[in-house]
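Below you will find one chain, with nothing else, as structure tokens; this is the form predicted alone, and questions on how it binds or moves follow later.
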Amino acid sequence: MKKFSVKDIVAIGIGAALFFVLGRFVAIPSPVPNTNISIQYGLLSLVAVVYGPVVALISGLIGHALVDFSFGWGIWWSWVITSGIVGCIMGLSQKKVDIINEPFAGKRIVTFNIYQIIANLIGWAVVAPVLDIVIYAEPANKVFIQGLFAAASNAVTTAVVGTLLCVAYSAAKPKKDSLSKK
């Protein structure tokens, strides 16, 4: 098993903190009860493609738990777990997207968005509602409506915010051999 590097631990801390700030202070109310339009999944997608599935999983878990705790309604574990799972699934795209070594453009943007849409659908349309029913005995019709709305809105916000963050990150990285002596 791979041990966490200092870089991984710092990335988890920063990723969770930024997830918290965006989830707590940039939550956009939605027409679906107890469900916000969230932009923090765009940030989580950047963490996922740069640092991989495990770092994204832990960042999502900690960040979402802090958001729930700060609102004062208690930690809604089904959604906290789902945030971690969504981050992990998005992180599985890390090698295919390869934002570290290659420009984030064209096919890589499409691949990134396919992964994040699948992650959001699995997480919010399946995992979160099922866990809501199993853990909290919530009514199925209510949680599946919430889950489908969350899947759609998170996929859209991640497509916009996540893609823009990845493009900016890729553009800001020094190009190979840019610092070589000639």
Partner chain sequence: MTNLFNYIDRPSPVHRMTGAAKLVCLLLWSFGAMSSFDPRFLFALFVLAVVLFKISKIKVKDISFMLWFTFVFCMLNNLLIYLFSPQHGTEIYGTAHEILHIAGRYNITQEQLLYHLNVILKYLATIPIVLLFVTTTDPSEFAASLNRIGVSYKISYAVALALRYIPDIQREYHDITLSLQARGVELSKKASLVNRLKSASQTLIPLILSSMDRIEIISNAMELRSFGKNKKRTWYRHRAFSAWDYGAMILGLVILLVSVALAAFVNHGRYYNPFV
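It should be emphasised that the depicted structure is a prediction, and the values quoted were computed from it without experimental measurement. Positions refer to the first chain, counted from 1.
Beyond what is shown, the protein has a form predicted in complex with the partner chain; the following relates to that form.
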Is there a heavy atom of residue 113 no more than 4.5 Å from a heavy atom of the partner chain in the predicted bound form? no
Are any of the heavy atoms in residue 39 no more than 4.5 Å from a heavy atom of the partner chain in the predicted bound form? yes
Within 4.5 Å, heavy atoms only: does residue 150 come near the partner chain in the predicted bound form? no
Should residue 106 be counted as a contact of the partner chain in the predicted bound form, where contact means heavy atoms within 4.5 Å? no
